[in-house]
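A lone chain, given as structure tokens: the form predicted alone.
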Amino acid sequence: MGFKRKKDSQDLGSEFDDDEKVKRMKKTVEKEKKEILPSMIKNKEKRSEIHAKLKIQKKLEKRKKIKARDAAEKRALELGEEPLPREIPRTIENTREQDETVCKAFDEELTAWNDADEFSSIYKCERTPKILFTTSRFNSTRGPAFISELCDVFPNSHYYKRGTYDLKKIVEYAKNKDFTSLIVVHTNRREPDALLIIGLPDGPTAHFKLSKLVLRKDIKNHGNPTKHEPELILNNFTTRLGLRVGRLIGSLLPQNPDLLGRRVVTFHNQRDFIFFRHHRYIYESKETKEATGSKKKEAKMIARLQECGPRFTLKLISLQHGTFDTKSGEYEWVHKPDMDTSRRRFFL
């Protein structure tokens, strides 16, 4: 006689487990269907709409996290406990690739190298910087206008028209006239696009790409610079190459600034782009009320910056030993497209 075998409790349990697994799988598939990325949508209007919704959602989640963190910190302070340390955000700068040429503080070899380089006499105040500015052979009106503003930035600088003279002859002339640097502003399509800085008499020669130039007249609420010798700020030049470029730039300005002029010249390096800014800082007295009901006013000293211009960005293309020589010159460093293997690889 045939009869149905009763299911054991173990078989029933395994069946229930299988059902739960199937349900979970279905839920994950449904979630994947719901979470469609904007890049997967072909319709432009729908794609932008979903992207905007996701952006708002991320913003709200971020606000919730910040509120929860602030509440936890407040609670810890009330209880007399130390709040949890805040997480350091991951940026391209603090996750850069490791470089062996990054300079360490108080390096004896580095100080000896600096004392023996071409700029040591300027940094020891044995020579005063004297700069000769010139343009490329075919220049526009914007090139000399840029040079006239650079002459206001760098004291003891002179502008000479290029004419048809060869650059090697200009270098020899500048050496005979005791110039410490020669700067050539190259123009292309009536716009300055490159700077060539030549250290005299022994070099080196640095070739920079020039971009995002804004002259003084185009800067809103700009100030006019005085003839005081400015302070110099060189920021974030950390490698051997960066230090050499920084010392070349630093040799353009005198090493004993006049603090009464309140002028500051900044060369800030970030991701191998050197940002130039020229400011003067101003002290102002601002009146503030003590309380809502009282009529008494208290004067407060406030410091603010006023930009004097010009404003531009530099990127190093090559660094050459000695003065300018395209045929037989030896290069210390040349930028090539093969070097740009990663966004987190920097050379300065």
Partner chain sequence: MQHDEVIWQVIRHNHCSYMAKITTGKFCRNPYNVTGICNRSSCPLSNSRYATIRDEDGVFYLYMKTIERAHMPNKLWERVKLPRNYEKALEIIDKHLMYWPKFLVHKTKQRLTKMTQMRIRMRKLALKTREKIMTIPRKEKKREARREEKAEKAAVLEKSIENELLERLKKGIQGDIYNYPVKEYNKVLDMDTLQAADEEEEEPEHDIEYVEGYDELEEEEDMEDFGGFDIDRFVADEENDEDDNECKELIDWKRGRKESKVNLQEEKDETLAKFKKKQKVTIEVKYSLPYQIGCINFKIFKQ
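Numbering follows the first chain given and starts at 1. Since the model is a prediction, treat every value here as computed from it, not as a measurement.
Same protein, other form: the form predicted in complex with the partner chain, not shown, and the subject of what follows.
Wondering, does residue 151 line up within 4.5 Å of the partner chain in the predicted complex on heavy atoms?
Heavy-atom contact with the partner chain at 4.5 Å: absent for residue 151.
Residue-level question: is residue 99 within 4.5 Å of the partner chain in the predicted complex, judged on heavy atoms?
Contact check for residue 99: no, nothing within 4.5 Å of the partner chain in the predicted complex.
Under a 4.5 Å heavy atom criterion, is residue 140 part of the interface with the partner chain in the predicted complex?
Close contact is absent here: in the predicted complex, residue 140 is far from the partner chain, nothing within 4.5 Å, heavy atoms only.
May I ask you to check whether residue 225 falls inside a 4.5 Å heavy atom distance of the partner chain in the predicted complex?
It does not: once the partner chain is placed as it appears in the predicted complex, residue 225 has no heavy atom within 4.5 Å of it.
Name the stretch: of 195-203, 251-259, 80-88, 174-182, exactly one has residues whose heavy atoms fall within 4.5 Å of the partner chain in the predicted complex.
Residues of 251-259 come within 4.5 Å of the partner.
Would you mind picking the one in 282, 37, 66, 56 that has a heavy atom within 4.5 Å of the partner chain in the predicted complex?
That would be 282.
Which residues from 174-191 come close to the partner chain in the predicted complex, meaning a heavy atom within 4.5 Å?
Heavy-atom contacts to the partner chain in the predicted complex: only 186.
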